[in-house]
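In structure tokens, one chain follows: the form predicted alone.
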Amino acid sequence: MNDQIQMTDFSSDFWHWFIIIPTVAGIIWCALLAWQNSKGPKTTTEETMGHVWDEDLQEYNNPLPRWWLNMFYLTIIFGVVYLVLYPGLGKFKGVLDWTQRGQYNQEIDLADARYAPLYDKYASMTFEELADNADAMKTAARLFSTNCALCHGSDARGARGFPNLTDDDWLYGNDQAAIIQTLVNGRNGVMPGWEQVLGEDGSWAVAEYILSWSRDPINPDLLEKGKQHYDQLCAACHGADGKGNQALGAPNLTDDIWLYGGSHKAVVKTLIEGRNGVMPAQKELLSEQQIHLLGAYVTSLNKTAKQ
């Protein structure tokens, strides 16, 4: 145990000095370099460096311009002052004891003090009241743009693998409790792959049967075989009628709305490989009041899209 502690301390001290020594040496070297180049030639005659171009163009050994050297010295002084005030030399925290986490927490505290009363006001309102409040929806739209638009799009219409929030198709339901649950804890959708059980032929048959609920079948001969496989493997989650199960997040297969594409090829790929959709939890990023406001905004999207 003592050996482990000593090894840890040695490793920590090693990296501490590994940062300090090259940094300080580099600053000193830069200062010496600037000082060396500030000196003029030792003789009164013009001294050249021996480099000649185009027969008569020569390089002279003259000191650097004073304005350039002064800027260089100011840069060195700035670097030294910065390393004294702020962390940058190994484990030395700096005179100001500044940390990026402390800066972040300070900014969060300032934002909370400024916006908390507003969010508290919105938290006391129902989803319906918030949907009718233009200022609340503007604030909610900014929350959505920051936290949700990357996946669901700025217009909330989603993309391949990311649900459209403006239609009536909801994997887990669109009541207030379901939406808040989704935002707070996230969702993990798991569709198992059936390649070992169905094979490619069986997967095509099941796809044919599933798609027959929303369009004319391409190969009616596969429907009976597909139904048999569906009843054995799929009905437990999606229901015998294919209407889905919001308690499980199992989608409705009869409405011709497809999260990963509704072509025969896309459906077969889903059956063979399965799908794993993840909606990240927002409870570590947003407060309860912000989630309440964002939930109201999400429920309003469907109404807005229909107008």
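Residue positions are given as counts along the sequence shown, with the first one as 1. Model, not experiment: these values are computed from the prediction.
In what follows, reference is made to the form predicted in complex with heme C, a form of this protein that is not presented.
J.: 67 to 75, 93 to 101, 120 to 128, 168 to 176: which one contacts heme C in the predicted complex at 4.5 Å, heavy atom to heavy atom?
T.: Result for this chain: 168 to 176.
J.: Would Val278 show up as a contact with heme C in the predicted complex if we use heavy atoms at 4.5 Å?
T.: Result yes; Val278 sits at the interface with heme C in the predicted complex.
J.: Phe162: heavy atom within 4.5 Å of heme C in the predicted complex?
T.: Result yes; Phe162 sits at the interface with heme C in the predicted complex.
J.: I'd like to know if Thr182 sits close to heme C in the predicted complex, meaning any non-hydrogen atom pair within 4.5 angstroms.
T.: Residue-level check for Thr182: yes, a contact with heme C.
J.: Answer yes if any heavy atom of Ala250 is within 4.5 Å of a heavy atom of heme C in the predicted complex; otherwise answer no.
T.: Because a heavy atom of Ala250 falls inside 4.5 Å of heme C in the predicted complex, the answer is yes.
J.: Looking at Pro192, Gly79, Pro217, Gly88 here, can you tell me which has any non-hydrogen atom within 4.5 angstroms of heme C in the predicted complex?
T.: So the residue touching heme C in the predicted complex, by this definition, is Pro192.
J.: Would you mind checking 241 to 273 for residues with a heavy atom within 4.5 Å of heme C in the predicted complex?
T.: Contacting residues: Leu248, Gly249, Ala250, Pro251, Leu253, Ile257, Trp258, Leu259, Tyr260, Gly261, Val267, Thr270, Leu271.
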